[in-house]
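We begin with a single chain expressed as structure tokens, specifically the form predicted alone.
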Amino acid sequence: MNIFRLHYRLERKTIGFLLAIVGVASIGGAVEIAPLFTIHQTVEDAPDMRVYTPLEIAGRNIYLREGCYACHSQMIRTLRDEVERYGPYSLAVESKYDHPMLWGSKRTGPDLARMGNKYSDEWHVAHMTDPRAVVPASVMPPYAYLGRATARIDDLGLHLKALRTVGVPYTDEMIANATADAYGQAAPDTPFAEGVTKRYGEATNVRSFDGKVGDPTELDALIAYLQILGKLTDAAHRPVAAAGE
């Protein structure tokens, strides 16, 4: 009861109550801010980390637009059952170029942090068209209309430029060729495809993700994004000591 009496007395004294609020807020702020001074010791290094391609950025934007993050997390915790089901637990460095981050907190559907190349493009097309055709118990709504909508890629240079302002290391060449690279990643038989691998690496997924020839669809872009999740770096698959070096 003594603590309540102290609180009642503080409420009657404006200055004292204000100083108490400042003191408590300062403690909370220090707890949140202090770890930032040692962040270089807690966030792993990933020299092999690559940036998202323009088409993958377009797919990520669609993922955000459709609210996929509301049902799917991208954060595997260190719990044994999660690691056994989804794969190595998520590292901070894996979200280094995510703006905004999509860790999520709800799992109506499974975690997608290690979704990259786990299933074929054909599986994703079927799943997006009619989820229950491949997962009978699924409660996910169909997204067949994404396969009929042409992806907007003409403004991707602006997207890359904006991301560079917040620290994503896109080069002038990447920004200037963003639209061509988005087209080329989903059109492997065109000259534009060579530019994609040149700028983003030989391991980049370059193929017709939805299986159709022509301008990339929104389904192309979304599948391209899903197929790179967990593949921007292999830091999570290296021993802990090596990943932190």
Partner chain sequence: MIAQLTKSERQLALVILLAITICGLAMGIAGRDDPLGVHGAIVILAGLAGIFGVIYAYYEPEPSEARLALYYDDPSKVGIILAMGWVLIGLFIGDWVAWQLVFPNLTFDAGWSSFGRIRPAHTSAVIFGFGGNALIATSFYVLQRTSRARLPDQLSPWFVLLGYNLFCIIAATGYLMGVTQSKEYAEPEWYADIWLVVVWVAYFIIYLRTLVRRKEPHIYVSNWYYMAFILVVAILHIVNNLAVPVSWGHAKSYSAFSGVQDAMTQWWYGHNAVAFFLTSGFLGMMYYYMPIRAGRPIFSYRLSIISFWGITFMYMWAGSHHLHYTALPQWVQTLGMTFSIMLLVPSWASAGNALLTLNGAWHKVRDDATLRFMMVAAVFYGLSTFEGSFMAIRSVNSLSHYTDWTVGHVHAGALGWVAMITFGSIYASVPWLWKRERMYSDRLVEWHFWLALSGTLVYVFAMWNSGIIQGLMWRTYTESGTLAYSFVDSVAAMRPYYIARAIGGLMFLSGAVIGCVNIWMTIRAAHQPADERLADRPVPRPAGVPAFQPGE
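Residue numbers count along the first chain shown, from 1. Nothing here was measured: the structure is a model prediction, and the numbers come from that model.
What comes next is about the form predicted in complex with the partner chain, which does not appear here.
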Item to complete: Choose from 192 to 200, 206 to 214, 24 to 32, 173 to 181 the stretch whose residues reach within 4.5 Å of the partner chain in the predicted bound form, heavy atoms counted.
Response: 24 to 32
Worksheet entry | Contact of E66 with the partner chain in the predicted bound form (heavy atom, 4.5 Å) | yes
Worksheet item: Would M75 show up as a contact with the partner chain in the predicted bound form if we use heavy atoms at 4.5 Å?
Response: yes
Worksheet item: Even though the partner chain is not shown here, does A126 get within 4.5 Å of it in the predicted bound form, heavy atoms only?
Response: no
Discussion item. With a cut-off of 4.5 Å between heavy atoms, is G87 one of the residues that contacts the partner chain in the predicted bound form?
Written reply: no
Worksheet, complete the sentence: When the partner chain is considered in the predicted bound form, the residues of 140 to 167 having a heavy atom within 4.5 Å of it are M140, P141, P142, Y143, A144, Y145, R148, R152, D155, L158, H159, A162, L163, T165, V166
